[in-house]
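First comes one chain, alone, set out as structure tokens in the form predicted on its own.
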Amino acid sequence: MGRFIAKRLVGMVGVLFAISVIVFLIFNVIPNSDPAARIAGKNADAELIARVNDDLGLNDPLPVQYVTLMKEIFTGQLTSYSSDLNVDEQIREGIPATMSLCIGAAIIWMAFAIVFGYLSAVRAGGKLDTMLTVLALIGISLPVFWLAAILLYYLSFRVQLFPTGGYVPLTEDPAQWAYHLLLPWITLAVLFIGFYSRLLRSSMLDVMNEDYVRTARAKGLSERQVRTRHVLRNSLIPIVTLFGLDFGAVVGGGAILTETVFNINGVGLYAGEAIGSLDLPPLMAVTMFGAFFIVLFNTIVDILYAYLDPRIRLGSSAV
């Protein structure tokens, strides 16, 4: 197991290195374009462009430029030349809001997806299954920005039941923290609830036909015990795998629209504002931030899978 983990960690470093090279090439090596002028911002003068060239070594050979840029990002020295703010500090300040949004939404979507998927599977073909299928398809089809706008309009502006946005730190006021994040949680979770509930339903229907399930029934276990201990438990394996990947993607950038609409001062809102102002240094750093979380959760899922199923790590060792 230790060798398997070491190989996955080495692979993780290799993937992050490849992504960092791609980020460098996209932002710094565009033909017929001066990278210093783009990084300095739309209204940069000759003095600021010269400063960017000096800070990032853009007159040096490409390998030296790459090392300089990565050093700026990973040592916390990268600065936005448009706002003159430290990029790493802005990202660190936004991480609590982003993690609060993503973790809360993840808890909601997993809880409801398991309940809806389980009920659909045990009532397959019935009216409840049909109703949950329709609701799931509606949830999957709703654009995040549209759902956020509808919830804000009806529940915040017309009824005034919830605040229109903003973020209150958990350590400052837990009740207000949850109150301000409830609508964003629902907005972000709806899509995943629909998709995960359908996936769980399909997985449970497949597992119900397995030999060990019939054996469990033959031993005299009640139908409820069979469904929860054997069917549901084994059906959750692909769900947990997909959850790890999706959660990493949401933290890494999937929450940008939600944070922007609800004015949550997280990493996603920071990235959205950088896109709007064509501020490239924050976009470079946020891209690396998102890539790190996506690759990290992919690696965690691989390790957990190997822990749960020894055949995976044995097969990897054989290769």
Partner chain sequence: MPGGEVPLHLDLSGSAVGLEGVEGRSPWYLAYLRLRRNKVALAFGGLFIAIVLFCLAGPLWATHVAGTDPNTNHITDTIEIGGEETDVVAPNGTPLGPGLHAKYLLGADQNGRDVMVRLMYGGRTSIYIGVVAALVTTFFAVLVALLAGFYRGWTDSALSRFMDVIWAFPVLLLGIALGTALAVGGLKLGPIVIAGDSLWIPILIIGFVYVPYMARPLRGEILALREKEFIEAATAQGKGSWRIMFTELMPNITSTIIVFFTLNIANNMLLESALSFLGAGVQPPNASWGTMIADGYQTIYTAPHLTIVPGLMIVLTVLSLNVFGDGLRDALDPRAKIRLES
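Please read all numbers here as calculations on a predicted model, not as lab measurements. Positions refer to the first chain, counted from 1.
Note that the form predicted in complex with its partner chain isn't included here; everything after this is about it.
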> Heavy atoms within 4.5 Å of its partner chain in the predicted bound form: does P174 have any?
Replying inline: no
>> At 4.5 Å between heavy atoms, is E89 in contact with its partner chain in the predicted bound form?
In response: no
> Is there a non-hydrogen atom of L69 within 4.5 angstroms of a non-hydrogen atom of its partner chain in the predicted bound form?
Replying inline: no
> Using heavy atoms and a 4.5 Å limit, would one call E223 a contact residue for its partner chain in the predicted bound form?
Replying inline: yes
> Is every one of I140, V261 and A291 within 4.5 Å of its partner chain in the predicted bound form, counting heavy atoms?
Replying inline: yes
> Want to guess which of 69-77, 200-208, 178-186, 105-113 is within 4.5 Å of its partner chain in the predicted bound form, heavy atoms only?
Replying inline: 200-208
> Out of V122, V168, L236, L132, which one falls within 4.5 Å of its partner chain in the predicted bound form, going by heavy atoms?
Replying inline: V122
>> Just to confirm, with a 4.5 Å cut-off on non-hydrogen atoms, which of L245, L85, L128, I95 contacts its partner chain in the predicted bound form?
In response: L245
> What residues, if any, in 81-118 have a non-hydrogen atom within 4.5 angstroms of its partner chain in the predicted bound form?
Replying inline: none
